[in-house]
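Consider the single chain below, provided in structure tokens and representing the form predicted alone.
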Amino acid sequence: MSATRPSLKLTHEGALTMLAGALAKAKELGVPQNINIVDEGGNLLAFVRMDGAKLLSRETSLSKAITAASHRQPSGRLNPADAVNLQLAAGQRLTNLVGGLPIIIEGQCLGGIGVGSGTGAQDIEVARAGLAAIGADDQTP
């Protein structure tokens, strides 16, 4: 039995590459977005609030990223019946809103990307572009 295991880590350069890919998609869609990228521990690595993005979506997009990273699945998959309890237990950091996707490479979750300010479908499209920018596994919400 081993006491350690090798793991991949998302670098700040990788997070900035993801941010650039997500920004390009948001511009293409014509939808100003808040985009958060966190590591596997939910620590913020990159963030942008595009001109015109909704102010409070800054917070929800961070919660989406943290949810995706901590549960290793898209944020919208959390059981709606558990939403309030999860939010309370996690200090308002978890959400079942769509727009958060885990960053999975070689079967390992390296973090999460959360997008907010558009429709749920637009948020997901922008998040998927961020994943594609670094060759992470595509995620189906």
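Note that residue numbering begins at 1 and tracks the sequence as displayed. This is a predicted model, so every value here is computed, not measured.
Not on display, but discussed next: the form predicted in complex with another copy of the chain.
Undergrad: Classify residue 58 as contacting or not contacting another copy of the chain in the predicted bound form by the rule of any non-hydrogen atom within 4.5 angstroms, answering yes or no.
TA: The answer is yes: residue 58 has a heavy atom within 4.5 Å of another copy of the chain.
Undergrad: Taking 4.5 angstroms as the cut-off for heavy atoms, does residue 44 touch another copy of the chain in the predicted bound form?
TA: Residue-level check for residue 44: yes, a contact with another copy of the chain.
Undergrad: For residue 16, is any heavy atom within 4.5 Å of another copy of the chain in the predicted bound form, or not?
TA: Yes, contact at 4.5 Å.
Undergrad: Hey, in the predicted bound form, does residue 10 get a heavy atom within 4.5 angstroms of another copy of the chain?
TA: Although another copy of the chain is absent here, residue 10 would touch it in the predicted bound form, with heavy atoms inside 4.5 Å.
Undergrad: Within 4.5 Å of another copy of the chain in the predicted bound form, counting any non-hydrogen atom, which residues from 14-41 show up?
TA: Counting only heavy atoms within 4.5 Å of another copy of the chain in the predicted bound form, the contacting residues of 14-41 are 16, 19, 23, 27, 39.
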